[in-house]
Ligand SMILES: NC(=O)c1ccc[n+]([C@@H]2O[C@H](COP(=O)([O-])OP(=O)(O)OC[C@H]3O[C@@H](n4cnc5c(N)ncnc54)[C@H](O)[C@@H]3O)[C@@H](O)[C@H]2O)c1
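Below you will find one chain, with nothing else, as structure tokens; this is the form predicted alone, and questions on how it binds or moves follow later.
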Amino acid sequence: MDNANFLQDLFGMQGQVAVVIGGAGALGLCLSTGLGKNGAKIVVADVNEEACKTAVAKLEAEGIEAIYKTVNVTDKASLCELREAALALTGQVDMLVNCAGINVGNNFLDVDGDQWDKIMSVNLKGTMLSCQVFIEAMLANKDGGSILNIGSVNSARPLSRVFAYAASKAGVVNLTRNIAQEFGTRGIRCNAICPGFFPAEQNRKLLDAKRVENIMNGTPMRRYGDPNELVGAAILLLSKKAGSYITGSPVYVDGGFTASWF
């Protein structure tokens, strides 16, 4: 076996199906593209149908086989409909990526219950429900399946002004570990990528000059991340061979932020 075939055998995803929830967002689309270029068929799932259509068109332009299905991650029935649509593609779902998430910035005393509940509902409850629904399908697979949740540097290091978001992402990592423990002998692996600072529309308004200075001072690489820098970690954690003994692990892709003493 030559080197190229060795790497393809180790990391390749030919013929596998990946459901990417939140797949029409910047991070979700980037991961969808990376998995698709690695051979996976992609099911883009998001709440906005027009955004889904745009995402699928971009994937198809890259030569990636993709379909879409709108979904409400806080509604189990909606997630079940998504699962059935995905199963109709090839009869099996191999990978689930949970990218759906929202964030609101506030001082602690200004956080209200409705805001807290909405963030927890999408970020944590939505991740839990989607894992429930797709684990049911993966248990029927001969070779199980792999789940990738999206945590955050906030999972380990709480930051000011994003109290609900930080709590929800800490919960995502705890949930990831619990799922890994529960299904480790049944062929289901569950890991999390915990990104550092990747500016996007939902968090850009929180990045005032002082906050940016603090972030850069606490990031050894002294720069923001690019969404494409998450793809390698995702492929490793989701791949059946390269990631076969990795489960329950939060992998921090953060330029060293969580390693910094600053």
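Numbers for residues come from their place in the sequence shown, where the first is 1. Since the model is a prediction, treat every value here as computed from it, not as a measurement.
Heads up, the form predicted together with the ligand isn't pictured, but that's what we're talking about next.
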item: One stretch from 109-117, 83-91, 131-139, 67-75 that, in the predicted bound form, holds residues within 4.5 Å of the ligand by heavy atom; value: 67-75
item: The ligand: the contacting residue among I215, V231, V47, V56 in the predicted bound form [heavy atom, 4.5 Å]; value: V47
item: Whether N38, M95 and G145 all lie within 4.5 angstroms of the ligand in the predicted bound form by heavy atom; value: no
item: The ligand contact in the predicted bound form: I102, any heavy atom under 4.5 Å; value: yes
item: The ligand contact in the predicted bound form: M221, any heavy atom under 4.5 Å; value: no
item: G34 within 4.5 Å of the ligand in the predicted bound form, heavy atoms; value: no
item: 4.5 angstroms heavy atom contact with the ligand in the predicted bound form for I235; value: no
item: Interface residues of 137-171 toward the ligand, as seen in the predicted bound form [heavy atoms, 4.5 Å]; value: I150, G151, S152, Y165, K169
